[in-house]
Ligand SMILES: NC(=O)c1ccc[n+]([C@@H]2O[C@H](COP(=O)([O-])OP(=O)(O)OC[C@H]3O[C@@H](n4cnc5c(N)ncnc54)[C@H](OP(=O)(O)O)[C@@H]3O)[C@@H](O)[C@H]2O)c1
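First comes one chain, alone, set out as structure tokens in the form predicted on its own.
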């Protein structure tokens, strides 16, 4: 209850209280489903009653999803035909992108986003939620104390992907994470979404998954960029 009230308070400060009437659990197409964050999101979606289809690469390790009743579609995010085929295969109303590519200093993120947006527009999936990173694009300038180093190019690419989504005409939401706790760290239940884009805080993947499903049920979560914040977890003093 405390987490929910704090979440509402933050949204009020941002300019609006979300409509909390939960919609029917609609089918979701999930990109990045086999990853550490994506698999947590898949688990939370299934628990909330959403039918989940995971977009996976051929030969990808599906073990994190092994016990979940999810469907699979095989393809490559960098192949427009594969992404289009995935969106054309069912009437998805919701698309979630939790894909990641370690050290992607190339155009992976904007290319993948262009493919998803093109297919979503063509096949009637109007709502999309993107998991991104604190420091993406212009947000990097708010953290001069951050040792981004070689990550700077990747964050620039992620910022470009965010802009593509924002300009897409889809109903979008972006949830950025700052400092991810080690994989498997239990949820605290205290993470919230903040409209304050100056915040760099720690968060668990399990809490990010919970926040994802809560965002889907809150109309006013869309049209905004959020930073995931958990003040109960430690974070470096330089971000205070």
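Residue numbers count along the first chain shown, from 1. Small disclaimer: the values here were computed from a predicted structure and weren't measured.
Just so it is clear, the following notes concern the form predicted in complex with the ligand, a form of the same protein that is not shown.
Item to check | the ligand: the contacting residue among 138, 76, 160, 106 in the predicted complex [heavy atom, 4.5 Å] | outcome: Looking at the other structure, the residue within range turns out to be 76.
Next on the checklist: Exactly one residue in 70, 37, 187, 173 has a non-hydrogen atom within 4.5 Å of the ligand in the predicted complex; which is it?
Outcome noted: When the ligand is considered in the predicted complex, the option within 4.5 Å is 37.
Item to check | Partner-facing stretch of 209-217, 189-197, 28-36, 44-52, counted where any non-hydrogen atom is within 4.5 angstroms of the ligand in the predicted complex | outcome: Of the options given, it is 28-36.
Checklist entry - Is residue 177 one of the residues lying within 4.5 Å of the ligand in the predicted complex, judged by heavy atom distances? => result Flag for residue 177 set to yes.
Item to check | is_contact(residue 164, the ligand) in the predicted complex, heavy atom dist at most 4.5 Å | outcome: Because no heavy atom of residue 164 falls inside 4.5 Å of the ligand in the predicted complex, the answer is no.
Checklist entry - Taking the shortest heavy atom distance, is residue 100 within 4.5 Å of the ligand in the predicted complex? => result Answer yes; at least one heavy atom of residue 100 falls within 4.5 Å of the ligand in the predicted complex.
Item to check | Contact label in the predicted complex: residue 84 to the ligand, heavy atom within 4.5 Å | outcome: Outside the cut-off, so no.
Item to check | Residues in 200-232 with any heavy atom within 4.5 Å of the ligand in the predicted complex | outcome: Only a single residue, 205, comes within 4.5 Å of the partner.
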